[in-house]
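Given next, in structure tokens, is a single chain: the form predicted on its own.
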């Protein structure tokens, strides 16, 4: 018989004795002092999404995952995985949160006592661990039944007694169960802007709703991007902005031409002003990985490039802070929200969202088909990149409107598209990273008297990136061929019919 955990409203030793005839031991087998501290997670609850809960008590960290716990010493709450001592816990946090920072999500206290159940012969036939988990103002009582070898029948009897007291079995760890019931909303943050509408709803209304959701996501990430605590705030801000531009552009005729042109230009300008900061964020992360690709005696030669990136990132962050705190940005947001809150649209905006979305998806796929079918091994990188841009637009359209098309066909198309996008993204990354590496190296060299060793290391790395890109190109071409095949076209037609 395995251990089982029960959620209880209260626990009565007298009722247990009345039901089984057995008593609770006079003293706790193991009495745990109350542990109090904080639950830590990322802004977007990445640990929670990975079925993990991280508890910091003031002297240790404990990660709860799949009914098991991993602990490590910690005298202060870690800001990210790098603040956690080397070991399994650090690796689990790194895998699930990097590059995000950790923040306090809630106060938490855990009180645990373990008792033996004594039969009429004075023998211990099983143990019960009673735990009270308090998260903010919410508390929950748990009893974990731990049967002992040779006493399965007695264990089953105690289990029946717990169920008689209203115990409900849970497969989750007490802290995970308590967090779920506490009223907090782990995972409430989402970057999704999926349409929630009937297929015959006017497309203008649906688009406004999607664009307002995206504006809200941008605003949720402003503070984090301005503080510069981790790079994902700016990343999510930019993704929401890029999706807004894409949705606005794809449905060109839905809004009056003058307003459409005005906001399209403004959103594009805003996006451009965040490009450099994002490029530097990506490269600062990548440069650590790139060092490991170099021969041992060349690894330190890239240090001047790293220092240049860090200095440049600091300046770009100051520009981001200035931009997000400016009256110009506040005015643009106010204008954009006001526009999206009023029913301003053309006759085209009265069409059903299903008809309009189907037309947009057909057009986006048609462009991928036209530009992708003639690609070959010697095609310029910019031609492959154009297919990538087309894939992004199609992906956004599929995500926005997936609820109004048959789920099975839509998921089939999206699955193929994701595979292609991953390969196209890697191909373009190698292209950009090689170009950026040479640019950053030239800039860093301006501060050095002897930049030769740095230039040699960058040259070595550039050739390596070139080889990686060539290998990725072959994969891209295979996946493009699959995506423009009759089978994928059949899936699209099935989805849109």
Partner chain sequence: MKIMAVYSIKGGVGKTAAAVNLAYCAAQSGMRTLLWDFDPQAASTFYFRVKPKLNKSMKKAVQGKSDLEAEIKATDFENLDIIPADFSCRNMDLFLDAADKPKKAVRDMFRSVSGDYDLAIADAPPGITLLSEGIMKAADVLAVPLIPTVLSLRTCGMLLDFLKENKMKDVTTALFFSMADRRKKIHREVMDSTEFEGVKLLENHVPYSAEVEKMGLHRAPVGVFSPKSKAADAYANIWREIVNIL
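Residue numbers count along the first chain shown, from 1. Every value quoted in this text rests on a predicted model; they were computed, and no experiment measured them. C-alpha atoms forming the largest set that superposes within 1.5 Å between two forms make up the rigid core.
Below: the form predicted in complex with its partner chain, not depicted.
Stretch-level contact check against its partner chain in the predicted bound form with heavy atoms at 4.5 Å: of 182-190, 113-121, 90-98, 301-309, the positive one is 113-121. Contact between residue 257 and its partner chain in the predicted bound form is not found at the 4.5 Å heavy atom cutoff. Contact check for residue 415: every heavy atom lies farther than 4.5 Å from its partner chain in the predicted bound form. For residue 238, no non-hydrogen atom is located within 4.5 Å of its partner chain in the predicted bound form, even though that partner is not displayed. Although the partner is absent here, residue 321 is not a contact residue: none of its heavy atoms lies within 4.5 angstroms of its partner chain in the predicted bound form. The contact residue chosen from 85, 295, 380, 150 relative to its partner chain in the predicted bound form is 150, the criterion being a non-hydrogen atom within 4.5 angstroms. The single contact residue among 245, 208, 313, 127, judged by any heavy atom lying within 4.5 Å of its partner chain in the predicted bound form, is 127. Residue displacement note: residue 153 has its CA displaced by at least 2 Å between the shown form and the other one (rigid core superposed).
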